[in-house]
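Okay, so here's just one chain, in structure tokens, the form predicted alone.
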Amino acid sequence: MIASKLCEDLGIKYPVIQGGMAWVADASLASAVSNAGGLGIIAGMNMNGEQLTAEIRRARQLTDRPFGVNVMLMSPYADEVAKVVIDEKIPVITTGAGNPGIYMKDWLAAGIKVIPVVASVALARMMEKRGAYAVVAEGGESGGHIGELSTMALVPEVCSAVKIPVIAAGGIADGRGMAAAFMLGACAVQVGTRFLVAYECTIHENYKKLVLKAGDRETMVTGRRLGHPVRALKTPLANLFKAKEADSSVTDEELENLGRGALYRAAREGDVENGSFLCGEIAGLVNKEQSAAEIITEMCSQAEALLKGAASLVR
């Protein structure tokens, strides 16, 4: 069985962490991943403190295993959420969309293991100095907000730069990606796109269908002009945004308004015309619905077999 010290530290069976995807990673998905032996994550996204507390307590009705919360630092409710994770005694948090430095002291004092998502060596080093337990090195192949470096380049560079555990993310959806991540120096993987089609994932069926039929060139990146590039499936809205982004007569405010609420329309309403369907480049390998438990055990079994057989390649 594949395991690492991180599994022991986090109280999980498999070194698989579910991505904290906004409007996707709710109590249903997080609890299913945790029950399957991974680390489920509830997305704090733009929830206020009361809403997040309710979702955490719902997850606790569904699992007695450890789970975490993703704190979206750009949220207007970030201060409230930062306090809720302490009050609710959440053991692990991941962070995204910013630097969690202003909250680190309080989180660490509460015994929380903080795992920031990073897209550069510089940020990984900074987080290590601030007391992060680990970092998620997320390459640009991933869905949602992305950095510039690819997973293949970013993960080993971060592993060489820090002494804390490194979790690989971006373009990992099966045991081959998992095995490769371990060979690059990671001790666990974070998976997002593959869990979009888990039975326990409550997104709209239209979203799942788009992911399942996606090929290897079905995603695109928009938002570079605004300073926060995002990878999503090629849909009417994504194509329109790309065209307007290249048009200098269109203001940044108009672009922001075009994307406002688009993820909710995709995940909760299944609006194929006006929704933003965040998805990683690995979607071409995601071709069947499964339970969270089946996804995790399949990935880990395949990775274990590949790693055990790797010696046959050396003469």
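Residue numbers here begin at 1 and follow the sequence given. If you're wondering where the values come from, they're calculated on a predicted model, not measured in any experiment.
Just so it is clear, the following notes concern the form predicted together with a small molecule, a form of the same protein that is not shown.
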Decide yes or no: are A119, G147 and L263 jointly within 4.5 Å of the small molecule in the predicted bound form, with each residue judged by its heavy atoms?
-> yes
Determine which one of 225-233, 192-200, 104-112, 173-181 lies within 4.5 Å of the small molecule in the predicted bound form, judging by heavy atom distances; exactly one does.
-> 225-233
Partner proximity in the predicted bound form: M72 to the small molecule, non-hydrogen atom cutoff 4.5 Å = yes
Hey, in the predicted bound form, is G98 touching the small molecule, heavy atoms inside 4.5 Å?
-> yes
Verify the contact flag for I164: yes if a non-hydrogen atom of it lies within 4.5 Å of a non-hydrogen atom of the small molecule in the predicted bound form, no if not.
-> no
Does any heavy atom of I56 come within 4.5 Å of a heavy atom of the small molecule in the predicted bound form?
-> no
If we test each of V286, M45, A36, L52 for a heavy atom within 4.5 Å of the small molecule in the predicted bound form, the one that passes is M45
Which one of M220, C159, M152, L123 is close to the small molecule in the predicted bound form, taking close to mean a heavy atom within 4.5 Å?
-> L123
